[in-house]
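There is one chain below, alone, in structure tokens, taken in the form predicted on its own.
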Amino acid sequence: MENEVVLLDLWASMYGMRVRIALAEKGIKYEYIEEDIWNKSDLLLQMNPVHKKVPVLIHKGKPICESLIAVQYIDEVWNDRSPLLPSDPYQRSQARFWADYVDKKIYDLAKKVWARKGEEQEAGKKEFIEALQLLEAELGDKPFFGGDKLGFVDISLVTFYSWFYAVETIGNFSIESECPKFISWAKRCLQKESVANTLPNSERVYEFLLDAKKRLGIE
């Protein structure tokens, strides 16, 4: 099909969830192909030969790799409905800045909690909370990062919420007690059908992470 949209993804991938939310916000129908990250398909390796990772959005047979790039592509191609990025160039630059901050910080800091022990884990928890508090300050009193509507920064960040239970359980701490405004924002995002239908069950993510730790030899 000329307009065929396909997504190569993994159900637990917070990066893949971004693309699924963006497609849902735009009302785009697509074929979903679940990948096994421990046994990658020939299609995935063909479509993303550089990073060999999910998600990969395939549109008209052409691959778009890296989740934030894919979300921006979706916003640009289907620009007649539900804009995800601001129209103002400066505001758009700021949205990209904070989405880039999320990409560079949140997963790596969370991993310091779930993949480390002792003093390293304690330091990781402190850094993780500090990063979330910085994002809380940027959110301020707005309902969403972009203002009144779910937007690019929200989509880039809210998918990590599905991993918070796992991070909290392994790290033995409470994110909500340290970042109540952040959790309120995440719950507000979950009132959106596109988000609620995308984010997986937190306990299922926890089991997935425990299995991944075993496979990776992380005690």
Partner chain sequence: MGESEVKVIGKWSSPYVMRVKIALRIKSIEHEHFEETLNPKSDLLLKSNPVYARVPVLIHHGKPISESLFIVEYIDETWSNNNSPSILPSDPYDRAIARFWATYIDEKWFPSMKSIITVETEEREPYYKVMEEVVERVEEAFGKCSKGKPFFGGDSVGFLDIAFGSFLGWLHVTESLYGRKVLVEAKAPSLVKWAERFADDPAVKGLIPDHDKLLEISKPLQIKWRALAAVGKKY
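Numbering follows the first chain given and starts at 1. All figures in this text were calculated on a predicted structure; none of them were measured in a lab.
Although not depicted, the form predicted together with the partner chain is the subject of the following passage.
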Go through 126, 96, 116, 149 and name the one with a heavy atom inside 4.5 Å of the partner chain in the predicted complex. 96
Listed residue (130, 136, 122, 100) with a non-hydrogen atom within 4.5 angstroms of the partner chain in the predicted complex: 100
With the partner removed from view, which of 22-30, 58-66, 178-186, 155-163 is the stretch that lies within 4.5 Å of the partner chain in the predicted complex, judged by heavy atom distances? 58-66
With the cut-off set at 4.5 Å between non-hydrogen atoms, does residue 76 touch the partner chain in the predicted complex? yes
Does the partner chain come within 4.5 Å of any heavy atom of residue 92 in the predicted complex? yes
Should residue 104 be counted as a contact of the partner chain in the predicted complex, where contact means heavy atoms within 4.5 Å? yes
